[in-house]
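Presented below, as structure tokens, is a lone chain in the form predicted alone.
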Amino acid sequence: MKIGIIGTGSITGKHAQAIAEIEGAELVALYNPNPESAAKAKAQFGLLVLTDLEEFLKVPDMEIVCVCTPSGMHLEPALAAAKAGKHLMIEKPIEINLKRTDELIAACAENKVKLAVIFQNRFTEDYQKLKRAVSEGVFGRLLMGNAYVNWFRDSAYYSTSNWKGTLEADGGGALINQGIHTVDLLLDLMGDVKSVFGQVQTTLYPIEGEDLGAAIVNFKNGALGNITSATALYPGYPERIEIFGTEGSAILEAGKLTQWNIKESSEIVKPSQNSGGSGASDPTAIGHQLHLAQWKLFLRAIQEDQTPVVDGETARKSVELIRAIYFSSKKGKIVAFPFEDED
């Protein structure tokens, strides 16, 4: 299956590594409208790199397009690819607001192409174990689920980028860029949201988006939850998920189970080695193995005409919650779900 990638930033390398390790898959072309960036990518990857999107979408036999542009620039190239009949793999978040998200999802449905969104942290061995346990009721009735992404980025992270932390291209800051991975896991474990109250602040950096955010979540199943997400908390600590139920609890830290306590059980859970790394203080400190796992499942979904593991509707949920947190902070009130975006 021939694959093309739109965008040539740092995350493109992770996808290229993953695709190279899949038998029956081939990365055939890249696209970047900037001639200088395209030339650098050609030297780096040794592939066909095009600066014209229409020409890129006409590369012979290319079936799949992966979108790796800045978050708020996913929609337009994705629409063009869907209309050209290409299946789509999109880096998180699917888009930066619900209007753009819904337009993208509708276009894929209309053109009968598969849509998947990268949330690779779902594919660590320990997260899969935690997910199974929650689904099987091992922890009993869920009481609380917490997601903490207390990370740090130095000032250069924002000052050397023309899009990070901007509302137009990033959609915000620490929540929608860094925190969304862990928010996605929390929603996958705890289920749908009933309401949220949140606050965001810009405390350390001269950016449009937030570098500090917190929220209290009421889930439909009656459980409570806490979310924190930041890029201003030195030195940055591994992201953390906490699950508490009537029969036990567990903590997942940087993709590894560090606590596992079930009533009347002597089971000892040792953290696996396959965590994928943490971007707590360095955004490049992740491997490509989890991207590889999601790519394999996506290709299988195409071949077997199945719904991808993280499809558009699933990926929409984390955007809805984060947008609701932003709205809650702006209005100073609790926001009920389903949330209707103001943009």
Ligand SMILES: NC(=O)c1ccc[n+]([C@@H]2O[C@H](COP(=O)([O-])OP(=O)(O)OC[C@H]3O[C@@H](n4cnc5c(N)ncnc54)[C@H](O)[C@@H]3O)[C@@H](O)[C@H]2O)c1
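Numbers for residues come from their place in the sequence shown, where the first is 1. All figures in this text were calculated on a predicted structure; none of them were measured in a lab.
One more form of this protein exists, namely the form predicted together with the named molecule; it is left out here, but the text below deals with it.
When the named molecule is considered in the predicted bound form, Pro33 lines it closely, a heavy atom lying within 4.5 Å.
At the 4.5 Å threshold, heavy atoms of His87 stay clear of the named molecule in the predicted bound form, well away from it. In the predicted bound form, the named molecule lies farther than 4.5 Å from every heavy atom of Ala250.
Though the partner is left out of this view, Ile118 does reach within 4.5 Å of the named molecule in the predicted bound form, counting heavy atoms only.
Though the named molecule is absent from this view, in the predicted bound form it lies within 4.5 Å of a heavy atom of just one residue from Arg100, Lys114, Lys129, His181, which is His181.
Listed stretches are 72 to 80, 265 to 273, 208 to 216, 140 to 148; the contact stretch with the named molecule in the predicted bound form is 72 to 80, by a heavy atom cutoff of 4.5 Å. Each of Ile11, Lys164 and His291 is positioned with at least one heavy atom within 4.5 Å of the named molecule in the predicted bound form. In the predicted bound form, the named molecule lies within 4.5 angstroms of at least one heavy atom of each of the following residues of 80 to 99: Glu91, Lys92, Pro93, in sequence order.
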